[in-house]
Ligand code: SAH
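Here we start with a single chain on its own, the form predicted alone, put down as structure tokens.
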């Protein structure tokens, strides 16, 4: 077993070395958290503070065998906490069939995929505290009217209250990334279900943003937008980045009516 884990580029590993930042990330979790998954623990800089919290049901999902061996060597009874697997392919319900939180210094190369998976598990994931590439963190927390506001902003803000907590400089990582990082916190809101077809909602949001330079009316032309009632033209003349979650819910219901008529 090794005393050093070499960061692997293909896994997007940038190991955090600053303990005060690690503690701040873990401290941002709700004090009542009892079910927790840490994604990609690496050498355990967050793990040590999670252990101090004495969380009753704590699991690590780590894909890197070298990191797993390091954690097993440096932390007691860690074998009961570690799952060596690919988070993106793992069925999280096999760990927690009920509610749970997520924490991590997330690999840049899969951070968007992590968030899309979190969206799919939105009725179980009550909270996420994580470090992302700063641009991604800002995008998730951005409000309508901001150029950074995008698909994940809308999807996640429909079900989570999101706060940008703080920025992290490049020099506290091994190896240092080429960009700054940002830590955000997502807390599940009280929306049980959107007032629309949620699958179609996701499609409408993606379609609108995939042609974000066009007006929403032009972007959603294939969904029959040109025939939607005149009273909604003010929305159709805007771009996707200008619309709030409730606007996309309305557009989804209009699209659903058109589909039913066809």
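Remember, it's a predicted structure, so these values are computed and weren't measured experimentally. Numbering follows the first chain given and starts at 1.
Note that the form predicted together with this ligand isn't included here; everything after this is about it.
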| item | value |
| --- | --- |
| Non-hydrogen atom within 4.5 angstroms of this ligand in the model of the complex for each of 141, 182 and 185 | no |
| Touches this ligand in the model of the complex: residue 13 (any heavy atom, 4.5 Å) | yes |
| In the model of the complex, residue 86 touching this ligand (heavy atom, 4.5 Å) | yes |
| 4.5 Å heavy atom contact, residue 51 to this ligand in the model of the complex | no |
| Residue 106, heavy atom within 4.5 angstroms of this ligand in the model of the complex | yes |
| Partner-contacting position among 205, 37, 223, 63 - heavy atom within 4.5 Å of this ligand in the model of the complex | 63 |
| Stretch in contact, per heavy atom within 4.5 angstroms of this ligand in the model of the complex, of 40 to 48, 194 to 202, 207 to 215, 27 to 35 | 40 to 48 |
